[in-house]
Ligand code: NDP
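The chain below stands alone and is given as structure tokens, in the form predicted alone.
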């Protein structure tokens, strides 16, 4: 429709150096054309135009001193995208690739993801081009303290509640929270992913990975199948990989791949509990590289990244399920075709937007069980929302209680996607279901609250 085309042209013209943001908007707007045809009031109220523009963008310098006494300067960001249904909520990412366009794409996705959880959370995202890899604990602490010395003015338990993301784990959240507490002189649930001893929730580290597996299980259940005995390709080696693999093992599936930015490991025998414990120690404590895995487990093979190749061979191994859990656009069109050729018919995205649009199109056309990130990886932010609830009550739920709530939330998200896709004439299309299901709640809240 002409309206959608004009809108996308305007987005491209306004954000010329932000390809990831344009990609995210394009995917959502394509799905929403089905809604706009049926309900023109959203078009008249310019809801889409308003959702696409962030409510607020904060950008600041972060000066800090390294262990050699040299002054370093990084950029800090916080994108407060939409607060129509609750305080801004979304992670902080510390990685050299961080820029305004990537964070706007992540914040935009977060709006719909948070809406799908049914919890009262708006969407936001932030971070810095700081690279914690190879830095000492003291350097990371000095950076986090400098970063929070500016960010603290813009966040709060009822305003904006950041969490962790790539490069921001328990260590970084601890340093950030400590500085916030000192500057504001208050102990409050302003960050999620905190240590369990000081306001954190059980299952929070596991939540994104567990949630992606629960979502895959729900998709398989529509065909009367389970994950037991399924062979799975999983990328990444950080938090999302680790707990995706853990939950897959628990449900009787077999994981045969693990990767980092240097390359990937293929272990045809399967990554069992002992091997997973080794990966967790290697990555979380030693902060080593995944190629060391093959020194320990001789039957596995390591393939380094080849910058000259047009695909990632990780996605070409024979399997039933794939869980991309590393980063955006890690599955290109050729990778998507390789997955289909290798027999994969379940893709549940643990990372944000890991598949390029051409790959998504292939999955949808082929009719496989494809769970897009904003639905499949919403478990992380769902448990962040549960952590906020526990902080408000000054109370902690048990591990079983949080895990059970997470499973029920993922079941609810799956049902919302199925119902929305069917209602708008595209049954089984989880992309349309997730985009439409997430949009309607936010759009209705924006109309209710007037032109603000």
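None of these values were measured; they are calculated from a predicted model. Positions refer to the first chain, counted from 1.
Heads up, the form predicted together with the ligand isn't pictured, but that's what we're talking about next.
Stretch-level contact check against the ligand in the predicted complex with heavy atoms at 4.5 Å: of 160-168, 71-79, 144-152, 223-231, the positive one is 160-168. In the predicted complex, the ligand sits within 4.5 Å of a heavy atom belonging to residue 237. The shortest heavy atom separation between residue 355 and the ligand in the predicted complex exceeds 4.5 Å.
Taking non-hydrogen atoms only, residue 259 approaches the ligand to within 4.5 angstroms in the predicted complex. Though the partner is left out of this view, residue 265 does not reach within 4.5 Å of the ligand in the predicted complex, counting heavy atoms only. The candidate spot formed by 204, 208 and 377 is fully in contact with the ligand in the predicted complex: every one of the three has a heavy atom within 4.5 Å. Residue 283 is the only one of 135, 317, 283, 311 with a heavy atom lying within 4.5 Å of the ligand in the predicted complex. Checked against the ligand in the predicted complex, the residues 192, 325, 117, 348 give one hit for a heavy atom within 4.5 Å, which is 325.
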